[in-house]
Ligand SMILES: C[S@@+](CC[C@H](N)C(=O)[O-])C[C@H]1O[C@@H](n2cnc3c(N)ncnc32)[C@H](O)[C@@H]1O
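Below, in structure tokens: the form predicted alone, a single chain.
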């Protein structure tokens, strides 16, 4: 599956976020604050605490120029701009999600602090030394040439700048047929292990590399997220039809099974340019 196809039908979308907010606010979406979005727009594992953990590892302050690679709906970018006071460039390949990210940011008054750029993470459209920090969450699994992404991040960072990201990792027992199904169902290409990601960061020119296994933490989160998707089923059926909703349920059951079996997990990585 191509990554654009995967996100064309993703259950978390701008429309879903706005619909959830409208239900909570009785249909009135005027004068929204960033905080009101955060319950619905964080399409990654670990919520705001996970974004904050990356911000600490990347050394993000109010003065930082931050790049969020594969930013999706830009929920983390808005959190960083709102809580840290920094300016963030949110890079996103998917046209609809990039447009939605920009609209949501303007809706909560962060259009000036969160600039959405549509582009390819494997060919970053930025000058050398343009950023002080770079973050990404559960996105590089979709990109075959991960070294190109990491080398691009190092080039775009100032000397001493920090990269911090999370991603899915493969454990030794993940079978080739299971890798094939992940590639087919959710555009998961060239899944890395914890050691191979560490090595890739080194080859890309990063130093002071840290690699943390988050698999146990994500296993608990995944169980809760599966319940969230089940609760959103009516919205998914309304937007994409019964067949697509059933397909998502099957995908998530397969995905959860791999994590519960210790074949798939999560990692958090950081390094200095």
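Positions refer to the first chain, counted from 1. Please read all numbers here as calculations on a predicted model, not as lab measurements.
FYI, the form predicted in complex with the ligand isn't displayed, but the following is about it.
- No residue in the set 165, 211 and 271 has a non-hydrogen atom no more than 4.5 Å from the ligand in the predicted complex.
- Proximity of residue 120 to the ligand in the predicted complex falls within the 4.5 Å heavy atom cutoff.
- Put simply, residue 146 is far from the ligand in the predicted complex: not one heavy atom of it is within 4.5 Å.
- Using a 4.5 angstroms limit between non-hydrogen atoms, residue 138 touches the ligand in the predicted complex.
- Among heavy atoms of residue 93, some come within 4.5 Å of the ligand in the predicted complex.
- None of 201-209, 58-66, 43-51, 23-31 except one has non-hydrogen atoms within 4.5 angstroms of the ligand in the predicted complex; the exception is 43-51.
- In terms of contact with the ligand in the predicted complex, the residue from 133, 104, 71, 114 that brings a heavy atom within 4.5 Å is 71.
- Looking at 3-17, the residues that come within 4.5 Å of the ligand in the predicted complex, counting any heavy atom, are 3, 7.
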